[in-house]
Structures are given as structure tokens and as C-alpha cells.
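As C-alpha cells, one chain now follows by itself in the form predicted alone.
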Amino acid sequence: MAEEHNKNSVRPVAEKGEHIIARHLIDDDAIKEEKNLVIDGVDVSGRWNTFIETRVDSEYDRSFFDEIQKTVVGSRINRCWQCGMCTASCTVTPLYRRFNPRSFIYMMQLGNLKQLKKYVDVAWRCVGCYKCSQRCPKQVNPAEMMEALALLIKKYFPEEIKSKHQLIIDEEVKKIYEGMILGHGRLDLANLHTSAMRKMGKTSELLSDKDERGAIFKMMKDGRALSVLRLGKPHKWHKSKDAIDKYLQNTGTLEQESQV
């Protein structure tokens, strides 16, 4: 009876490295665990016997760090001391655990393009809330560091971006956004949202989803839906548009020169 009890009371072995903070940053092969290990009569299986192999990083690119530092938004990268306040403050990290500003800044400091390439699908997701920048004790301005990273990802990993379906959709939605701003000087949020849903193949959810349907009816009821249609262009918009067009043209020329 006692023998049967012992069989049923065997402690389940934890998933490999599941208790490690920022587990997604560590390759499976670098985590060493023994599933069945008893030392001096004590079961030290699973998390009690977890080791992470020392990582020697020889594939860093100092020129990448220099490129980041020369930009206006990335000029303070050398101030970061990896406290993690940015990640702790981030509003995106709870939704996308692989989005880790502290880790991204560290990779940029090392110029570790090999590691950064693994996060092409999430590294651009910063929403610009600036909570991280407000709380950073070294004034690194992580929010703008993420902006610099998003721009460089397009330069260094263009093929990766083209192969990611969600990134392709986001680029298309961005074009719609830019078209609204440059064409009319105003942002039509309702149109932008429905366009994004359509690009993602979720047009049917606009009416079938309870929250979506409720938002649409509320906008119609309080008149916002009609007021958007009546919005005109800002006063003397043609002058502002000319200035923006010249700026974008100049920016595009500078980007082309930097890639030569």
C-alpha cells in the first residue's frame, strides 16, 4: 500500500526552464536540466537542477552600435545600465512577452544582429506611450530607441519583413494612414480601423463581434460617424502639405544615400 502511495505521489517535473525569467531569450540547447536526478536521497529533478550554459558572444557588430548612436533618437544608448525599468513599465510587454525593450537595447549595444533578427516580428510594436522614457533613471529614452530599432530593422532585414504576413498587413495599413494624413491633413479613425480589419480578413467581425458592433452603433448614435464625413481640410493645408512633401522627399534622399 505504501509502495503504491509513493508511486502516486511522485512530484511532476516542470517544463524545461519554464520558471526562468525572460525564458524566451534563452535557446533551448543552452538550458541543462536532469529530469530524474537524485543526490544523497534528495530529488533535484527539473527546476532544482537547472543550469544555463555560459554564452560567449563573438558575433557582435560595433558599426551597428555606432549607427544607432549617431541617430537623434538613439544617441543615448551608451547610458543604459540594463536595470529593466523600461520593460517593467512597458504597456506592450504584457501582450507580447517577446517584446522586451531592455533586451533589445542590450542587443543593440552589442550589435548582435543575429539575435535581433529573431524578433523582427515584434520589435516594432512600441506604441509610443513613453512610460518607459519617463521612468528611465538614466534618461536613455527607450521609446525613441525602439523607434530607431524599427527603422533599422527595415534596413537590415528587408527579406524577413517581406516574409511576415502580419508585417505586410501593417505596412499596407500604414500606407492608408499616411494617405489620410498627407491627402486630407486629418486622420479618420473609423476608416482606418475598418481598413485594417479588411486587410486582416476580418471584415465580417465588424458586425458579428459584439464590441465592434456596439462601437459602430454608438458612433452613429452620437453623430461622430457623420461628423467625420463632414470634416474638411485644415486651414491653408496646401502650405503645410508642401512643407511635409519636401521634408519626406529630403528624408528619402538621405536614406538612399546612407544605404549606398
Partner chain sequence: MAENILVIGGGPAGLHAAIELAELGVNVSLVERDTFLGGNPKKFKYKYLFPDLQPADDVIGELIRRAESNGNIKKYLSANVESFKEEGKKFNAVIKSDSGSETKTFDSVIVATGFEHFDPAKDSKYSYQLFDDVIDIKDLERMMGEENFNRPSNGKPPKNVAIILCVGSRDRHVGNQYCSRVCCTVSVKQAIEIREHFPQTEVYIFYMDIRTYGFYEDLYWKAMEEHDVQIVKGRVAEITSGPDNTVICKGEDTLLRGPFEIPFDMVVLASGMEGGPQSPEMANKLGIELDEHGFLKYANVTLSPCKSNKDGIFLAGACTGPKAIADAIIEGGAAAMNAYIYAKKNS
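A quick note: this is a predicted structure, and the numbers were derived from the prediction, not measured. Numbering follows the first chain given and starts at 1.
Quick note: we don't show the form predicted together with the partner chain, though the next part is all about it.
Shown alone here, residue 126 lies farther than 4.5 Å from the partner chain in the predicted bound form, counting heavy atoms only. The partner chain is not shown here, and in the predicted bound form it never comes within 4.5 Å of any heavy atom of residue 155. In the predicted bound form, the partner chain sits within 4.5 Å of a heavy atom belonging to residue 107. The partner chain is not shown here, but in the predicted bound form it comes within 4.5 Å of a heavy atom of residue 83. For a residue to qualify, one of its non-hydrogen atoms must sit within 4.5 Å of the partner chain in the predicted bound form; all three of 94, 102 and 135 qualify.
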